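Before any questions on how it binds or moves, here is one chain, the form predicted alone, in C-alpha cells.
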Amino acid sequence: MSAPSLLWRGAALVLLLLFITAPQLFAFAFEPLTVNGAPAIYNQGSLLSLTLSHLRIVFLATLASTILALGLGIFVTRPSGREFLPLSRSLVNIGQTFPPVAVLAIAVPLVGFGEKPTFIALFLYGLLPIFENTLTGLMEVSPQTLDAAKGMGMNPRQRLFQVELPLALPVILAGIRLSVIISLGTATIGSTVAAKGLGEVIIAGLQSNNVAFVLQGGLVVALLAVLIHDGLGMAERRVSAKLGRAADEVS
C-alpha cells in the first residue's frame, strides 16, 4: 500500500476516534444543519458506547456465521456431504431471501426486543458470502496438489487442515470481509427493536427532524466500514503473499 494511502487511512482512523470520544469538538461543523436551536451533537447517549455496542453485535454475528458457513462449506466438499450441497445452499440463502426488517419482525415475538433479534438477522445475512467463498476456495485447490499431499502420506484430515484450508484462506477471508461490511450497515436497523448501536443516532435524527444526528450516525458507520474493509483487505493480501512465497520455496 502506498504512503499516501496509509496517510489517508491513518487520518480517517484518528478522525473517527476523536469524533466518537470527543464529539463536541465537531459541533461547529454540524450546527448549520440544525434548526430551532436543536443540539448539533447527539446528546441522548455516548457515541463511543454506541459504536462499541454496534461493533460487538457485528463481531458476534459474523463469528457465528463464519463457524456455521465454514463448517457447511467443508462438509459439502467432502465425498460424504456432496449430496447435501443444494440443501445447504437453500439454508444459507434464507437470510438473503427475506429483508432484515422482515427477519426482525419474525424474531421479536420469539426472542423479544434487544440484541437477540438483531443478532439473528445479521447471522442469517452473513452466511451466504462466507459459505460461497468457502466453496470456491476449497474447490479451486488443484487435484494435483491434493494428489501430491496424498502421496506424501497425508490422511483426509491432514489434507484438509494442512493443504486445502490454507490455500483457500484468502478466498474465505474475502467472504468474511464482505459479510462484515454487510452487517455493519444492516446492524443500524437493530435500533428499531431496541438494540444498542449507531442506528439509535440515525433514528433519533429522523424522529426529531435533525439532519445533524442522521449525518453523524451515517458517517461513523461509513468510516467503520471503510477502515475495516481496508484492514481485512490487507490481511488477505498478506496471507496471499505468504502462500505465494511458500509455493516459490517448494518449487
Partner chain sequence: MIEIEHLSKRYAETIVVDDVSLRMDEGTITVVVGTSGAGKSTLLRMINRLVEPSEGRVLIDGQDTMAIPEDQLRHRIGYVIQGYGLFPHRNVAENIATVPRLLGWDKRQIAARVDELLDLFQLDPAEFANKFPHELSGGQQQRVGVARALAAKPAVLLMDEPFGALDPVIRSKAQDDLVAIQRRLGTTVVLVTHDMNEAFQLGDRIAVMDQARLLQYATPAELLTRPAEAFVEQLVGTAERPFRLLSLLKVREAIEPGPAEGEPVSVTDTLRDALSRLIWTGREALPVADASGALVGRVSVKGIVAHGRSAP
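Keep in mind it's a predicted model, so treat the numbers as computed, not measured. Positions refer to the first chain, counted from 1.
Note that the form predicted together with the partner chain isn't included here; everything after this is about it.
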> Within 4.5 Å of the partner chain in the predicted complex, do we find a heavy atom from each of Thr145, Lys150 and Ala241?
Replying inline: yes
>> Looking at 97-105, 68-76, 121-129, 166-174, which stretch has residues with any non-hydrogen atom within 4.5 Å of the partner chain in the predicted complex?
In response: 166-174
> in the predicted complex, which of the listed residues (Leu91, Met154, Val111, Ile181) lies with a heavy atom within 4.5 Å of the partner chain?
Replying inline: Met154
> Does any heavy atom of Gln162 come within 4.5 Å of a heavy atom of the partner chain in the predicted complex?
Replying inline: yes
> Gln158: heavy atom within 4.5 Å of the partner chain in the predicted complex?
Replying inline: yes
> Since the partner is left out here, which residues of 75-100 would have a heavy atom within 4.5 Å of the partner chain in the predicted complex?
Replying inline: none
